[in-house]
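Read the single chain below, which is given as structure tokens and is the form predicted alone.
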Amino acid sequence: MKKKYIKVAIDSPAGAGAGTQSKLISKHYKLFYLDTGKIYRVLAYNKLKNKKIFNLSFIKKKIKNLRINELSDKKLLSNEVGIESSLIAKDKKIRKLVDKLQKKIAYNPPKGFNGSCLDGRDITYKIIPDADFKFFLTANINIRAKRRYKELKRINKKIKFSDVLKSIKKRDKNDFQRKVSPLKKTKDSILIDTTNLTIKSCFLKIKKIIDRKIYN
């Protein structure tokens, strides 16, 4: 790869495969990866854990001292945390604090990386508007629910598919209809429908697009 710092921005609704593809892209091109939604999940988890201490002062401190390994905690994957995180994301004050952290990571990744790759809901037009590559991943809602159900089943054997589907629909409504940084596809984002794509075929499709630009 030519010596050029690259930025990849990916937006998608829940269960479309953005997280999986972002990790593969980051590993292949040696980019620093950040699942931006997990930051809101960390906050949501803490709010559900103790609502009394959840105020702006606590949030500022939590974001300032956030550790990357916190974002991989399996407790963050629950439906309850997911729904709460989409509600927290509507708060302008909280979003402003999180946006600042995301931009810092996007434009100043740790040494040793060739760039950054962030996925979320408003990455392509708000966090990295000048990204070298912008993708919008989507998929049929039932397929997305099945993927999330399979993921959650490993953690909670008693979980029902109907509950996961209901949760996905609720999150879609929150993400697409919120007034603050709603989920939307920008004109310069490449649309990829992952409904009938395997993980590998989707990655190769994205890789082909990236390679075409960075190697020419």
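Please read all numbers here as calculations on a predicted model, not as lab measurements. Numbers follow the displayed sequence, beginning with 1.
Another form exists, predicted together with a small molecule; not displayed. Remarks below refer to it.
(request) Could you tell me which of 185-193, 34-42, 152-160, 54-62 sits within 4.5 Å of the small molecule in the predicted bound form, going by non-hydrogen atoms? (result) This holds for exactly one stretch, 34-42.
(request) Work out which of 137, 131, 89, 106 lies within 4.5 Å of the small molecule in the predicted bound form, going by heavy atoms. (result) Selected option: 89.
(message) If we define contact as a non-hydrogen atom of the residue within 4.5 angstroms of the partner, is residue 178 a contact of the small molecule in the predicted bound form?
(response) Although the small molecule is absent here, residue 178 would touch it in the predicted bound form, with heavy atoms inside 4.5 Å.
(message) residue 121 versus the small molecule, in the predicted bound form: is there a non-hydrogen atom within 4.5 Å?
(response) Yes, residue 121 is a contact residue.
(request) Classify residue 116 as contacting or not contacting the small molecule in the predicted bound form by the rule of any non-hydrogen atom within 4.5 angstroms, answering yes or no. (result) Judged by the heavy-atom cut-off of 4.5 Å, residue 116 is well away from the small molecule in the predicted bound form.
(request) State yes or no: in the predicted bound form, is some non-hydrogen atom of residue 146 no more than 4.5 angstroms from a non-hydrogen atom of the small molecule? (result) Judged by the heavy-atom cut-off of 4.5 Å, residue 146 is well away from the small molecule in the predicted bound form.
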